[in-house]
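Listed next as structure tokens is one chain, alone, in the form predicted alone.
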Amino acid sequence: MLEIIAETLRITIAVALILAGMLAIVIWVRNNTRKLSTLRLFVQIVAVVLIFLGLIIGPFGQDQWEYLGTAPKDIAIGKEIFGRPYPDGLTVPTFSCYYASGRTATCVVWQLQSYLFPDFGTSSVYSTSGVERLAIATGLLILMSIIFGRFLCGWICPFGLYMDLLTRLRKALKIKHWTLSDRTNEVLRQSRYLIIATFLILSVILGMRAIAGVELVSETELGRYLEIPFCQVCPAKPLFVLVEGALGFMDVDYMLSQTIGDFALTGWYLTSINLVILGVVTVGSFKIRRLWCRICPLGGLIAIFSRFGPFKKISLIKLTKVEEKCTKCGICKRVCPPQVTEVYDDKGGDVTVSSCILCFRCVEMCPYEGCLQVEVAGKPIYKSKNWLKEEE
């Protein structure tokens, strides 16, 4: 009983501090061209703590994952909330990396690959079948995409925060950013879907022995081939693992240990491939705002279930424009981190597109009263303001 009271008190205090922080920003940041951006940065930092350190949820030092360190483990989610083990953490469509030891939440890209191969038929850890796990992960992906859309990319994703911090560093050094051509930007956007198709098809091919009893590639059950292919090249994995190792939340020796297999000999958590890609993405994101978001397959998955077909009509968060109030000043296009042009080009109405990360920087910077607005379930919650008049 005392443990429950202590846990409840800790959660209450944490929620109160978060709300107090948000309220303080709203009250004390007077510059209307900075207020929302400051609030977004605060939310991003809080999200990182909740996702990776799990300071609120706990518990610490689960025996099952002792070798990974003393961070809170995801088994608490399934066992204590859902009533049966769901040991990979709650599916959340952000780069809440499985490999980093917090795992309060887990990236759905890892789950979709892993549940196809190598874990479709695994029963030693899971009490659910491969089909059930895929259904849970896909269902939560669709549900959260409809509710939040790419707001998760703009406000919650830890790797998005990393890129935003690089942008802030570049600005502090007074270095100008690079702007990609519209054609290059469009090629990068389309590549998201090619990456999604590639990692899913590879996972199905490798997992066919467990899925259908037909082994398309020999010795796939021996760990000989590339498992969970996208995670081997994902730049977020090495970043989060290195940070948690540096903070003492992961066992560095285990983190650096080798694994078996022709394509995994460089390590399980840190590989030469993903370290090189992290370096390239880091340098690129320093000069090009939100570079990774333009090719991110996770952002592409969210977009599929929030901006296309029937999902577009029922998605809750939308960015709308009143054509009569737009003077084509172009500010919305210039300040957009992923270089979305449709907000400027489209005539009016719903101007939310698949490449928009819903950071709302365009709304914050639009100097025309009510020209752009954020709607949740059809209700406007935030509108552009005439900040030019306020500065006179």
Partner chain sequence: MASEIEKGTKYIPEMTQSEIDDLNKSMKTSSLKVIEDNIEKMKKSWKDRPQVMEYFDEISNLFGKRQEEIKQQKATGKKVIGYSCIFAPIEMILAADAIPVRVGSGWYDSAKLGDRIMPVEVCPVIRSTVGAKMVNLSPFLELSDAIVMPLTCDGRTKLSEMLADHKPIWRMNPPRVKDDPHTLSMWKQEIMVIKEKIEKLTGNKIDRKNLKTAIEKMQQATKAFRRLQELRKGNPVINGRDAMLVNQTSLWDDIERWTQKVNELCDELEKRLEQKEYSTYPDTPRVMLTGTPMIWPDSWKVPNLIEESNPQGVVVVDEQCSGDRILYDPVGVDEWTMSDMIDAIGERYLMACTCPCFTSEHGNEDRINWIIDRIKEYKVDGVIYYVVRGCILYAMEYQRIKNVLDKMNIPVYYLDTEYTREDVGQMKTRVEAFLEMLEARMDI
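As the structure is a computational prediction, the values presented were derived from the model and not from experiment. Residue numbers count along the first chain shown, from 1.
Just so you know, the form predicted in complex with the partner chain exists too; it's not on screen, but the next bit is about it.
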Which residue, Arg133, Lys318, Arg289, Arg192, has a heavy atom that falls within 4.5 Å of the partner chain in the predicted bound form?
Arg289
Students should find that, of Val49, Val353, Val335, Leu41, the residue having a non-hydrogen atom no more than 4.5 angstroms from the partner chain in the predicted bound form is Val335
How about Gly330: is it within 4.5 Å of the partner chain in the predicted bound form, going by heavy atoms?
yes
Residue contact check: Ala246 to the partner chain in the predicted bound form, 4.5 Å heavy atom
no
Looking in the predicted bound form, any heavy atom of Val363 within 4.5 Å of the partner chain?
no
Is Lys176 a contact residue for the partner chain in the predicted bound form, using a 4.5 Å heavy atom cut-off?
yes
Look at the stretches 164-172, 192-200, 140-148, 273-281 and give the one with heavy atoms within 4.5 Å of the partner chain in the predicted bound form.
164-172
For the stretch 363-382, return the residues whose heavy atoms include at least one within 4.5 Å of the partner chain in the predicted bound form, in the order they occur.
Met365, Pro367, Tyr368
